[in-house]
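One chain follows as structure tokens, the form predicted alone.
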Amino acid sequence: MDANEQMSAKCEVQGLLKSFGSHVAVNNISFSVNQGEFVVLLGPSGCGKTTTLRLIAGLEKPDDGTIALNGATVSAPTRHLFVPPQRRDIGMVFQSYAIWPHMTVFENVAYPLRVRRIGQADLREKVARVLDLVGLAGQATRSATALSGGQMQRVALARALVFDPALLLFDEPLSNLDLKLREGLRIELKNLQRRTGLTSIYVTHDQEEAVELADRIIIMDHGEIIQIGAPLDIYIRPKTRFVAEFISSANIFEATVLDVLDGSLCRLGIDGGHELHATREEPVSVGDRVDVVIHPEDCTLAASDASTGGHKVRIVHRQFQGTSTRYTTDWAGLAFRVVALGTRDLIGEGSDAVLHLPVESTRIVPRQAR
């Protein structure tokens, strides 16, 4: 990290380590979150993402490493330094709404301000402002028990925002909601973050949610950081097979490098007898075993009598999904998935077809990488 990044970092984690007995939950990870940035911690269950969030919040104590917020160290075990959660200027939204059922919407949101002994006039102004911000204007006097799941999550968000925290943490806050509501709240949440410029760290195992929300994604597995980058960069340039499998529903095949051509182009032999051309991000040599990653939406299918070149396939399964059609094809013994946008020129199950693979979207991932 350069000096400018260090100056603008709202949260900086260095060498963070946390074990529970013999299980290493977080294994020597380092990253920073800059002012106004929305960073998503993404990974499967048990990868360490929620533990990392709880360490930043002060809900767990690390075994080693440092955590700094706004340039001030809040956790450093080697210096016997640990700032408690209530003094970290952090707002947190949990998976469970954690709404007090005996309180009104107003009292739920006002609680953090009452703890901080904010004057009544300021308190009412701040609560009204934040309820309007999250789309709950006019709902202040409602009982919390009369709210829908989406409304309760808005109350939880308002409560986390009302005292103007320096950093907002989210622990899978939308996972208990139905699909349509979850999709709608994702859009609202991202728009809200853009309007407020609030620095945020968001934990999820949902790759679609991560891609839609994040400025940067931190992918974790087995307590370690595997890759950090912008959503598009991670999606099209995964550094490992694990990342490619987790971030998308890509076609991934084992292959051998047959020839290294000009620039980043290589010729590969796919197990099963196929050959194709692919691009590489890192150096490879003839004979190397690699994985090749091809996203279903980057490929095209054409009727076998209407196209030349490409690879012959047979349509095994066709699933119409409204705005797109998902095909599973038999590529001489290998299953290959293709997603076609639109509703025209559908190819029937059992039909022969031609599969076209764009070279620039057919990418090599070295197998020795994790």
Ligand SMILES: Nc1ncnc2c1ncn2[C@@H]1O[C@H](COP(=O)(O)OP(=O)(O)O)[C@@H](O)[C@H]1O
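Being a predicted model, the structure only gives us computed values, none of them experimental. Each residue number is its position in the shown sequence, starting from 1.
This protein has a second form, the form predicted together with the named molecule, left out of what is shown; the following refers to that one.
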Subject >> Region of this chain that lies against the named molecule in the predicted bound form, out of 309 to 317, 64 to 72, 23 to 31, 330 to 338 [heavy atom, 4.5 Å] >> reply: 23 to 31
**OP:** State yes or no: in the predicted bound form, is some non-hydrogen atom of T325 no more than 4.5 angstroms from a non-hydrogen atom of the named molecule?
**Re:** no
Subject >> Exercise: G58 in contact with the named molecule in the predicted bound form, heavy atom 4.5 Å >> reply: no
Subject >> Non-hydrogen atom contact P44 with the named molecule in the predicted bound form at 4.5 angstroms >> reply: yes
